[in-house]
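In structure tokens, one chain follows: the form predicted on its own.
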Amino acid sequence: MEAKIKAAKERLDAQVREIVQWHFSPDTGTPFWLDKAKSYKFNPLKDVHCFEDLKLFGTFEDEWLRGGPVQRWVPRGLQGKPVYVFETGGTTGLPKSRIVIDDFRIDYEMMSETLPDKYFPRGSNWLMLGPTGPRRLRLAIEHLAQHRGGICFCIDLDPRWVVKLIKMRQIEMANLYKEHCIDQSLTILAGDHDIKCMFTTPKLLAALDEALRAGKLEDKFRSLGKKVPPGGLRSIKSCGITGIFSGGTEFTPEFTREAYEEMLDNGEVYMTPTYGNTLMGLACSKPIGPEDQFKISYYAPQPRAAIQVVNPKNYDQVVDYGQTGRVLLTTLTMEFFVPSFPERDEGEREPPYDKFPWDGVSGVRTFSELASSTVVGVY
């Protein structure tokens, strides 16, 4: 294990050197960082040799990503390539924007390798029961389905409208909108598309399960003049879904146990929680189950991104294993360089393990100092 940890650290240090050289070189660099470098008292091209040296940059300020021109984030070395712009959900003010060219494809192809084919069969079609609009997630799930040989069916969901309704305390309207989203998914499931895999959030997973138990998919079949198959359609398993890739802020051991036992037929339908966002991509989890009391531990996709759990009063101080701290994110790709970004989340530092021989984080939840002002909506 020590050898694996050492090798992973060496790959991370090499990635740091390569990415810093790329983003600060006059030929390939990113306009934002080239301009920023003029104010530094160090030379990124000469003084950054390992991950620890990223402390020289200080913390990344999310205000830098709010507003434009967004072209300042496109590296000179990637000029002329088609560029996407993805936004955060906007639950903490003006949305943050980031440019993307191929990162979302690379990240989700890497994630695909962690999905067991038994539950996520190659060639299977997917249901995307999650946010659409200017978000990375919709295109990423579509690409994941395509990469695995399937086709993705999407609903139409605007999470910003959900957040607005909640802030206005229009809870009844928010619930109606949730029902509207679930009804779209039932229509897709009734369409004979042989869907076996799904992305969703914890809240929408629970809402779908509730609708199925109430017989709403069976009602949809009847309204379309179709026969309800023998055995009925009152569970996620009975719909033919075998694998669920899920992400959101509501993944607690309590919810995960309930989902595993009650919604997913004691694990007969496989669920893999993930922790991700527009800046990082996504962190995969260790397999969940009763043997670990449904604890969820996430591991960043090193060396393309790294997570640290730090003292919220001193970001240079990593907390001890098992201790609580704020999540500090670093992104290291040719398209996007983000050193030491304080996330809006906190959790407990987890030790490396065989599949991911680097630090992880468990118990992820909204950072306590921000919790009262953050509305997460459908997540």
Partner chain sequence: MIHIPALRLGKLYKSLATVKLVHHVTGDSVAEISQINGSQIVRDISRMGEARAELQAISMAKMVAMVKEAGRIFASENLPCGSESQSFEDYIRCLSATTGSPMVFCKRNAGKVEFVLRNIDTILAGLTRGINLEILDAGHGTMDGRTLCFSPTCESFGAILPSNSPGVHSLWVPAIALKIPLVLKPGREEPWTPNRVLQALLKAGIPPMALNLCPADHAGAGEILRGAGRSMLFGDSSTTDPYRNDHRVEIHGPGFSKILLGEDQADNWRNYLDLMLESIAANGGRSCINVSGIWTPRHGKAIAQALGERLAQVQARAWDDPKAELAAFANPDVAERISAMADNLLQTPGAVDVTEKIRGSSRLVREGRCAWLLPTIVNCDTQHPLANKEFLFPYASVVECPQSDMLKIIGPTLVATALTQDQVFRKDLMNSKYIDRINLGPIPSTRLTWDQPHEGNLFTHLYRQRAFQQSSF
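Numbering follows the first chain given and starts at 1. In this text, all values refer to a predicted model and were calculated from it rather than measured experimentally.
Quick note: we don't show the form predicted together with its partner chain, though the next part is all about it.
- Stretch-level contact analysis of 251 to 259, 78 to 86, 125 to 133, 158 to 166 against its partner chain in the predicted complex, using heavy atoms and a 4.5 Å limit, identifies 251 to 259.
- Residue contact check for residue 263: one or more of its heavy atoms lie within 4.5 Å of its partner chain in the predicted complex.
- In the predicted complex, its partner chain sits within 4.5 Å of a heavy atom belonging to residue 209.
- Within this chain, residue 293 lines the site of its partner chain in the predicted complex, having a heavy atom no more than 4.5 Å away.
- Contact annotation: residue 213 falls within 4.5 Å of its partner chain in the predicted complex, judged by heavy atom distances.
- Between its partner chain and the residues 175, 223, 71, 146, the one pair within 4.5 Å by heavy atoms in the predicted complex involves 175.
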